[in-house]
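Before any questions on how it binds or moves, here is one chain, the form predicted alone, in structure tokens.
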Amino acid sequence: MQNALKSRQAVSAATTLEISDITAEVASLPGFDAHEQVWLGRDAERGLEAIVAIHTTTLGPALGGTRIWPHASFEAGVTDALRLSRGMSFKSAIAGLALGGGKAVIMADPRKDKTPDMLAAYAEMLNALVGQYITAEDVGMTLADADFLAERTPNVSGTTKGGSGNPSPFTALGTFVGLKAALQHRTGSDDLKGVRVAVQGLGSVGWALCARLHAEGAVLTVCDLDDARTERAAQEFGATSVEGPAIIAADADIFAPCALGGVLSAQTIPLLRAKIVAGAANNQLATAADGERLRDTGILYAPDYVINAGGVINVAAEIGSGRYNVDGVMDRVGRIPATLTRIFERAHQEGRTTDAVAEVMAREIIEAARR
């Protein structure tokens, strides 16, 4: 650690980038869970303010995307990174990957603030972390951005230049087969014909999920901040569009959140008419108590970091061996339904929530590796 710290200091001294360990300062924030390290990178000249949260490296180097987003406050950005990095640890563990969990948040509006200089400064930060953290695309960071970073640091996965490429189709596929597993568990059939699904968010993953749902006869209700996307969904999928919060209360059998997190809360759960929640968004539960609220309301919840693991499975396939094998990726993504079914069954047997059972399973895997 001392050599790594010297490396960071040297990089910082040679540029306008300053990197500091803020682990102790953020330990009291929501989402902190004995994180190994939390780093803050700042470069005022190049417009970078980045938080890298490393939850655990017990199973391997921490892997997680970089989110470029204008959070309302610095504390909100750190909390997001803390919660997302913990979710990445659990996601990799349950998916059987030899990787830990990390996440980065760059405090910026990707539409206005993202510049080559800012990304170059971030690449320097990744290099200074000496392989502790490997990143990939996320909200606000595109494949082109990942390619840009990969030209400056080896700590990037999921690129188009010799890498695994866009992980979104695999995230959507895993979510789709996981949604069908939830439907099978709840109703005894995974036939989607006529099943009403409310999809929140029509980004890369949400759109690909809608395409698969439509192909199997599901009836879609959708919402997105971009009106053009909802109009296109109406034309291509026969979807009904609603605005903003109305998607929560849509007359649907399944609610599929595929946008930002925190959508399931004490305020929104009573509005849900769907009896299954199965979507691709990270951190869907606003608080730990919301898993209990879903169960008490009779709603089956597919834990987000289990059902949406397809993307990280795809990105992880190029790490280590350097040889990307799509067949291996498809095999692992195909295991998501069986994993979810085990969680559903164990939750029923133990009288616990599905998210609590998923966390226990992930921690069991991580603790076994420590021993």
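Everything numeric here is computed off the predicted structure, so don't read it as measured data. One-based numbering along the sequence shown. In this text, rigid core is short for the largest set of C-alphas that superpose within 1.5 Å between two forms.
What follows is about the form predicted in complex with a small molecule, which we do not show.
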Options 70 to 78, 294 to 302, 92 to 100, 196 to 204; stretch whose heavy atom lies within 4.5 Å of the small molecule in the model of the complex: 196 to 204
Within 4.5 Å of the small molecule in the model of the complex, all of H214, L220 and D253 (non-hydrogen atom): no
Partner contact for A249 in the model of the complex: the small molecule, 4.5 angstroms, heavy atom: no
Contact test in the model of the complex: T56 vs the small molecule, heavy atoms, 4.5 Å: no
Residue contact check: G158 to the small molecule in the model of the complex, 4.5 Å heavy atom: no
Distance check, P167 to the small molecule in the model of the complex, heavy atom within 4.5 Å: yes
Contact assignment for the small molecule in the model of the complex, among L225, V130, L271, A288, heavy atom within 4.5 Å: L225
Listed residue (A259, V177, A150, A120) with a non-hydrogen atom within 4.5 angstroms of the small molecule in the model of the complex: A259
Did F344 shift 2 Å or more between the shown form and the other one, C-alpha, core superposed: no
